[in-house]
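A lone chain, given as structure tokens: the form predicted alone.
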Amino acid sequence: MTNQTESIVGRGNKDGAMLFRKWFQELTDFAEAGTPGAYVFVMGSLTELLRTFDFPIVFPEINSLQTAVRRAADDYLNEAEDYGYSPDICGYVKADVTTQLRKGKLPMGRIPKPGVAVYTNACNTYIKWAEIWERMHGIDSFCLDVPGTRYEGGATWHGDPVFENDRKFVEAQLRELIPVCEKASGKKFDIDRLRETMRHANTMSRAWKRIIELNQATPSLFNALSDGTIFLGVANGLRGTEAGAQYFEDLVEEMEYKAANGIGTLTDEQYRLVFVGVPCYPIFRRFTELFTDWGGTFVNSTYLWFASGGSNIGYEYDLDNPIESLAEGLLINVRDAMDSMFFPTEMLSNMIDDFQVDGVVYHPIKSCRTTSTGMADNRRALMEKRDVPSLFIESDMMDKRVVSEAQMKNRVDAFFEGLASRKSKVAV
């Protein structure tokens, strides 16, 4: 291995973990100083705007999933259920309720209390979740109603009156949001700072789109499940920052180097897969190994789409018209994030060809009805459209009580045995 290879390959994972730790240490420092944060969600976070008011940006979804990855989720879920929350509701919500009861304390540090909550209608749980913070902390919250695609294949674009009406509708809400942020932060809105954060977001979006495209290479350059989760952490937590933009530019350089030199994420790639849904975080490493042990790697996923708020499509803001363009970007990105959950068939069909996919893995989870409801029907629609094997396994993103590793392993093993049989017949 050359010195250049040693310095580039693996840099994205290492630097991503470092930036994530640094970001969370900053949140801890803000919490210790008593500085309230802006609570947002991954689908439509509007960090570009919120950073202009110097809010610490808090992503409760990311914080909650970290409790599962760090094997502390059971304690948080049990405390929230003892407090009165049902076992059937979103595990992310329950972990966050416990976090609030513990004054922001998490396994990796502390988060600031909320000063304002900004969210979209991309997930129905977002709306009820924000109401919890309103009751607990007496804060202002602002819900952006972002129109989604009316029917599969029905997304509208420039020149269509429906699109322009939708964009104006979102823009009017943004202009109402600005005074709310001014009140919560005590700072006046600065449009030049907005242009700066949007410029960094443009760099990140452009790079993120390129990185996903590069994973069409054979062998694949990164695992969309394990490596992709690290990339998503930076894509959300550092969106609109110079550090986040630089990280993704460096990540493009790494992936282009790996592609040029035939360096894959696995030493012996046998099967190229697409993942649909949210990962199983309570046993995240082992869950990934159930597939990689067979030489299977995830070359793409719907998770990379909706958990990046749609920024994966590479939309770039017009810095000469920042408010108008921010509204347009929010509309397009959130709509795309929702489409990846509600209308995924055409996108998945295209992935099969573009990424040379051998199989599709569907992973509905108990905690999240938004991502899971309709997944069986979506699978059936794809199977009717394309001749590609698929696997349907159920578990959860937070609650280990409903995760059966042995049962999942049996079904995953049977899936790969079927893939191997299919491949051997094709080879004859």
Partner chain sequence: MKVETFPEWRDKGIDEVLYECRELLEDVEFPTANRWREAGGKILGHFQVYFPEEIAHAAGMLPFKMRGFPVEAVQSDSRFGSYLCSILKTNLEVALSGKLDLDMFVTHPICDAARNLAGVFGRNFDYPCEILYLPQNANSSHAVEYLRGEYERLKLRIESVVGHVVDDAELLNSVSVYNENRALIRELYAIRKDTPWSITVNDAYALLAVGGMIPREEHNGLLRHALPLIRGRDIKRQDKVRVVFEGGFCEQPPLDLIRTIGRSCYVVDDDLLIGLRWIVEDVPTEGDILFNLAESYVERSAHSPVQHDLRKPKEEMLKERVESAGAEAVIVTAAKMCEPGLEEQVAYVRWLDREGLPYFVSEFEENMTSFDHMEIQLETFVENLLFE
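Positions refer to the first chain, counted from 1. Keep in mind the model is a prediction, meaning the values are calculated, not measured.
There is also a form predicted in complex with its partner chain; it is not shown, and the following applies to it.
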Candidate stretches 228-236, 314-322, 136-144, 71-79, one within 4.5 Å of its partner chain in the model of the complex by heavy atom = 136-144
In the model of the complex, the residue from T370, N63, T28, T52 with a non-hydrogen atom within 4.5 Å of its partner chain is T370
Pick from E242, D250, E256, E131: which has a non-hydrogen atom within 4.5 Å of its partner chain in the model of the complex?
-> E131
Using a 4.5 Å heavy atom cut-off, state whether L214 contacts its partner chain in the model of the complex.
-> no
Tell me, yes or no, whether E328 is in contact with its partner chain in the model of the complex, where a contact means a heavy atom of each within 4.5 Å.
-> no
Does the 4.5 Å heavy atom contact test between R285 and its partner chain in the model of the complex come out positive?
-> no
Answer with yes or no whether E32 is in contact with its partner chain in the model of the complex, where contact means some heavy atom within 4.5 Å.
-> no
Restricting to 352-386, the residues within 4.5 Å of its partner chain in the model of the complex through any heavy atom are K366, S367, R369, T370, T373, G374, A376, D377, N378, R380, A381
